[in-house]
Structure formats: C-alpha cells, structure tokens
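Next up: just one chain, as structure tokens, the form predicted on its own.
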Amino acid sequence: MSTYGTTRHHHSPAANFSNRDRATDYHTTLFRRLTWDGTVPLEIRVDPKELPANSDRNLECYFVQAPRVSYLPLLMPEIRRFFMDLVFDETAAKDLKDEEWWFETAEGTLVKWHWPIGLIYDNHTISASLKPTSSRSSTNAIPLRLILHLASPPNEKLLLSPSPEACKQAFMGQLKEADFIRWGSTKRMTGLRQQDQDGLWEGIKEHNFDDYWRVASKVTPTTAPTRAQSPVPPSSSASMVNRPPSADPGGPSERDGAYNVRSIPVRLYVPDGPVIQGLVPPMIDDNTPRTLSHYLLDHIPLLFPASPPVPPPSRANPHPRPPPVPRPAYALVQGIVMPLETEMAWLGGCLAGADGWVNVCIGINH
C-alpha cells in the first residue's frame, strides 16, 4: 500500500489537504493503480510462411499477459528473446531485423502499434463480437491472436516505423495534445524538465507506477470529491445537489481539478466507424457535472437515446419512475462496462490512459 502514499505526496503539499482531499486523493490513486495494473492476454504467432529455415514449429506461439497501458514495440525485446532462444534456428535468424517486424490480427487487420495495448484489445474484442460466429457466453478473457511478420512492413499504412523510439515520440505527442485539450496550452508538459519528460516514458517502459505518476501528477488534474465518503461518481440527480467543490473558488488543488479543465481529452471508438473527438467540457449548462450519458447522447443518440420524462404521480403510482429505455449499445472504458451516470471529469482523472486520453469503446448488445 506504500505506493498510494508515494503518489499522494506529489499532487500538492500535504499540509494543504483537508480530510476530504486526502480521502479523494487516496481513492483517485487507487483507481489509477487498478487501471495501471490491468492486463490483457495476447497470443503471438509468427507467420508460418516467414519462419526461418530449421525453426522449431512446435513452439511457434508465444503467450503473454500484457499491461493495458503499454505498447507493442515495448514487448518486442521479450518476444524476440523467446523466438530467438526457442524457435528460430540461430544461423538463419542472424539476418532478421527487428525494425522490419510488424503485427496483424489473425483476421488480417493491421494492428495500430501506436495505440495502447488495452485499446487494441478492447476494439478487437468488440469487433469480433459483432461477427455471426462469435459468442459472448464465456466470461473468460479470450487472447487477442496476433500474427508476427518478420519482413516487408507496409510502411505506407504504418506511417512510422514500429520502433520503441518512434513509439516514444507518438506517446509524448499524445500527452501534449491531451495537455492542450485540458488547459488550452501545453505549458504543463513543455514546462517539465527533459529528465521528467523522459521519466514518463521510462515509467511506461519499465511498467513502474510510482516513477510514472511522480511526474504525471504534475500535469494530470486532481479529482475533487463529489461527496466525502465515496470516490464513485454519483447519479445525475445526486450531482445536482452535491456540486463538486472544484466548481467553486478554492485552493490550488481545486483550480487544477478535473472539474475545472477547459475540456476532457476523450476519444470515442465506434465499431467499424471513425474515431470521434471533440471538446468535452466537464460541466453542462446548468453547472452540473457532464456524465457519460450526456456525452454519448450528444455524439451517438441513436445508440444511447435519451430517457423519456417521468410520468406524473398518481394515486396508483405516487412515486413514478421513468420508463426503461432499451440500450442497443454499451460503453467500455479500460475494459469495464461503464455506468452511464459516471461523470466525465472523474473518468478523466481516474481512468484515462497513460497518454492522458479517455478511450470510450462502443459495443453493440446482441
């Protein structure tokens, strides 16, 4: 549990925290830690047509439980070591070049190597569930099956060489874009020392939660409590009564709070559709927190229709509730089916990826 204390000290001086601030900061760090520790199963198989001569075809498949926040190029040393030690013939493997290795899914879809592994997994899982032969009856995580190609990368589609250095540059670019979306400038990111900027990537590379958040806490907004006893986002009706303290004048931690940013960095991934990105202010017009329901209703109302009004009370039904609404779709964030009443600012502070973005993947209910 010491990791919680380590990260907590870097948001602001401890003496400035109230008891509610401490509780919220602890819970925020808890959710960030759970997100960081999330993993997905991968099954990596070399394209049989590209196996070097005299390779051991009985061991051509490599399984790994990969961190959600990591990237495929960062797995390459481990993958290479496995295949070089156990599969490839030593003499034939000498001509292989790591910079020419690239991935496809088993269905032949080019893998976006610059996406976080968790996002790749969630998108593929949703796309696979839409196929007639798929089944969602199993509760076990099914490995994402990837085909590793050893030559002839389609550079015109990959855009950049899938190397760790290119991945680092793409990652830093995402962090700076998220910084601009939040605050209207990149001063927080560009104001970091080069050593700190490199430390962010090293934290990802080594999968070290404390090292990463020691720097990330300087640019990532805090989550002010919507209620003292719980970090879980309340329903919309509760939010109207319990206004987040960050929406009121306060200290430095409140001014830097998730409810006071200009916009939340969010991308919406629709199956076989475009990636949707736009400004997502944390509060709506009546100064209550914007929820996931508000966000999805604004962007894809056909999949997330508005709830009908509550019928008037009657003698037979003195406390009516709105009639249920069929939900043709669901929203997945970090592999979790997210309640629609979740506040977007809370998602931005607790469940954003290491690159600063909240990735909302849309699945279709059968």
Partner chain sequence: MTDSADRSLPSWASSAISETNEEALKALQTYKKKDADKVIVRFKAVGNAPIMKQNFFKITSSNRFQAVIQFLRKELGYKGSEPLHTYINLAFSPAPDDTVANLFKSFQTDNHLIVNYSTTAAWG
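Bear in mind the structure is a predicted one, so any value in this text is a computation, not a measurement. Residue numbers count along the first chain shown, from 1.
Absent from the display: the form predicted in complex with its partner chain. The rest refers to it.
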The one option of 86, 106, 151, 159 with any heavy atom within 4.5 Å of its partner chain in the predicted complex is 159
As a check of understanding, the residue in 34, 337, 61, 310 with any heavy atom within 4.5 Å of its partner chain in the predicted complex should be identified as 337
Report whether the minimum heavy atom distance between residue 303 and its partner chain in the predicted complex is within 4.5 Å. yes
- Query: Looking in the predicted complex, any heavy atom of residue 262 within 4.5 Å of its partner chain?
  - Reply: yes
For residue 50, is any heavy atom within 4.5 Å of its partner chain in the predicted complex, or not?
no
query = Going by a heavy atom distance of 4.5 Å, is residue 82 a contact of its partner chain in the predicted complex?
reply = no
With a 4.5 Å heavy atom cut-off to its partner chain in the predicted complex, the contacting stretch among 69-77, 284-292, 264-272, 198-206 is 264-272
In sequence order, the residues of 348-366 that place a heavy atom within 4.5 Å of its partner chain in the predicted complex are 364, 365, 366
